[in-house]
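First, one chain by itself: the form predicted on its own, in structure tokens.
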Amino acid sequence: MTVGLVIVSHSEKIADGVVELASQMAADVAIIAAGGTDDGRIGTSFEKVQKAIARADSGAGTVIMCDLGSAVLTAETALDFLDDGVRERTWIADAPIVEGSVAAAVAAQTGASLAAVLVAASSAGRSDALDQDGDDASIPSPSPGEPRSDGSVDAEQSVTEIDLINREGLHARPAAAFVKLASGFEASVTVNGVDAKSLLRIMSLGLVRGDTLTLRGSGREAEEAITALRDLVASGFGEE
């Protein structure tokens, strides 16, 4: 089971477009559109939101993304009519609808918890956002053998550099594949100093073909993580 998403917009076309975009990077996540009124006009629909929540909820939780204030009001009204069990695992994210939906979808695709998906959504578009554990992901990990700020030394570290060879660089789809792979390891991994498990941080780097990636990992599976990520980059992400 993965956390599901509901996209509530005043425009049916916007909701459908966000679903199409996010689904490109999270094929296994239920992302349901609830845009426009019941008769296709601009506005929101209580019944559409209710039905979308029912479709998105697999038991792992549902995150609702909204575009404007009245969309939030419609979503909140729908929450009031849910059974207690469903209500407890259904939350409205305070996040930009496009960036937040993409970030949340990628997090859900990796099997992240409801809380982690909410954090991913709410961190989208905020340059000062911190990772879920509160650490600043823009601070690179120490070099092998170098002490951390608390005086400890992480003996298991791996570092490598590799050039991007795919034509479009780390745009949305390969970045999502990169994040999904990185999230599968018990290791802290950075790429050019930012968290390799954060889609928006990676995309904000604007890395294009020919740019060099510096991959640094620490933790129990650091070497395996760096090797797998390097191989993914070397493959060109399957792009021509």
Partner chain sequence: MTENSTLGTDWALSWIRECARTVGENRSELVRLDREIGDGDHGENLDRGFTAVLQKLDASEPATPADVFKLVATTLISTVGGAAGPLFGTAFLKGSAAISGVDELDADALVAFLAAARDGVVARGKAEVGDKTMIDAWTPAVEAARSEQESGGDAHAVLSAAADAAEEGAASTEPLVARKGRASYLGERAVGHRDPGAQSSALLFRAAAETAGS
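This structure is a prediction, so every number in the text was calculated from the model and none was measured. Positions refer to the first chain, counted from 1.
Below, we refer to the form predicted in complex with its partner chain, which is not included among the displayed structures.
For a residue to qualify, one of its non-hydrogen atoms must sit within 4.5 Å of its partner chain in the predicted complex; all three of 43, 68 and 76 qualify.
Contact with its partner chain in the predicted complex, judged by any heavy atom within 4.5 Å, is made by just one of 211, 186, 28, 38: 38. In the predicted complex, no heavy atom of residue 83 sits within 4.5 Å of its partner chain. Of the heavy atoms in residue 230, none are within 4.5 Å of its partner chain in the predicted complex. Residues within 4.5 angstroms of its partner chain in the predicted complex, judged by any non-hydrogen atom, belong to 46-54 and to none of the other stretches in 174-182, 202-210, 187-195, 46-54. Of the residues in 166-193, none comes within 4.5 Å of its partner chain in the predicted complex through any heavy atom.
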